[in-house]
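Let's start with one chain on its own, the form predicted on its own, as structure tokens.
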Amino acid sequence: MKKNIIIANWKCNPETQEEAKRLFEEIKNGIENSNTEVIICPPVIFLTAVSFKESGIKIGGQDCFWENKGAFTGQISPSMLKDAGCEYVIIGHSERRKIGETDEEINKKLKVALNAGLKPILCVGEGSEEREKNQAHDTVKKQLENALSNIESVIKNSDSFIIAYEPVWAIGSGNPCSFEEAEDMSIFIQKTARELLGVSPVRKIIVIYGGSVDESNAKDYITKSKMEGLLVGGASINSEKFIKIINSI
């Protein structure tokens, strides 16, 4: 049976190692669903402080730099994440784009992360202005074109590639993305990514949904929108809510 992917993006939470350990233990002990692959992306400082190993839960970074070493104060490289036990890394999250991250930088990060043996989780999505002007597909297509530019040589050994659709216009707006809108974008992202990669060097492109996911709508975004997983933000730092999301799928 195919496993859905549920990713917890803890963002800049929690504040202490003890809280991080408690949150992780509660999540680990509450999972009853073996049909999901759970990935937790904590703040980088907690990657080695929390005992993720042998838990069955995978870990990932929330971002990375586009070089593996050098005079880059404050940056975290893909090779450092790999050495800390990460299998995954989020790249191009809407919150990173909001503070100025460019498509060119995202492309460079993807290449270095793939070369380091990490599995990227590429985020794409349109804002409210693009949605209102019926430019959602154009915006997402441009993001994919720029992100996937000239990565064929470094992606060829991957067995899968994850793309997370973030409807930025819906996040925290009180106007959630409908299941029909999410399904439409899932199909569009699959088609566009395969066209850009040509004869795909990866066996599978996995499209997941990330946008105000909680325990009340998680299952429907999988079953009604034909998504293959979820990228969960705020609800992932509430162990009770996140466990309900996992066990509902």
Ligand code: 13P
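Each residue number is its position in the shown sequence, starting from 1. Please read all numbers here as calculations on a predicted model, not as lab measurements.
Separately, the form predicted in complex with 1,3-dihydroxyacetonephosphate (13P) exists; it is not shown, and the next lines address it.
Taking the partner from elsewhere, no residue among 67, 114 and 151 has a non-hydrogen atom within 4.5 angstroms of 1,3-dihydroxyacetonephosphate (13P) in the predicted bound form. Segments offered: 179-187, 206-214, 29-37, 51-59. Contacting 1,3-dihydroxyacetonephosphate (13P) in the predicted bound form at heavy atom distances within 4.5 Å is 206-214. A single residue from the set 226, 11, 22, 241 has any heavy atom within 4.5 angstroms of 1,3-dihydroxyacetonephosphate (13P) in the predicted bound form; that residue is 11. In terms of contact with 1,3-dihydroxyacetonephosphate (13P) in the predicted bound form, the residue from 122, 136, 118, 170 that brings a heavy atom within 4.5 Å is 170. Of the heavy atoms in residue 103, none are within 4.5 Å of 1,3-dihydroxyacetonephosphate (13P) in the predicted bound form. When 1,3-dihydroxyacetonephosphate (13P) is considered in the predicted bound form, residue 145 lies well away from it, no heavy atom lying within 4.5 Å. In the predicted bound form, none of the heavy atoms of residue 97 sits within 4.5 Å of a heavy atom of 1,3-dihydroxyacetonephosphate (13P). For residue 109, no non-hydrogen atom is located within 4.5 Å of 1,3-dihydroxyacetonephosphate (13P) in the predicted bound form, even though that partner is not displayed. Scanning 211-237 for heavy atoms within 4.5 Å of 1,3-dihydroxyacetonephosphate (13P) in the predicted bound form gives 211, 212, 213, 231, 232, 233, 234 in sequence order.
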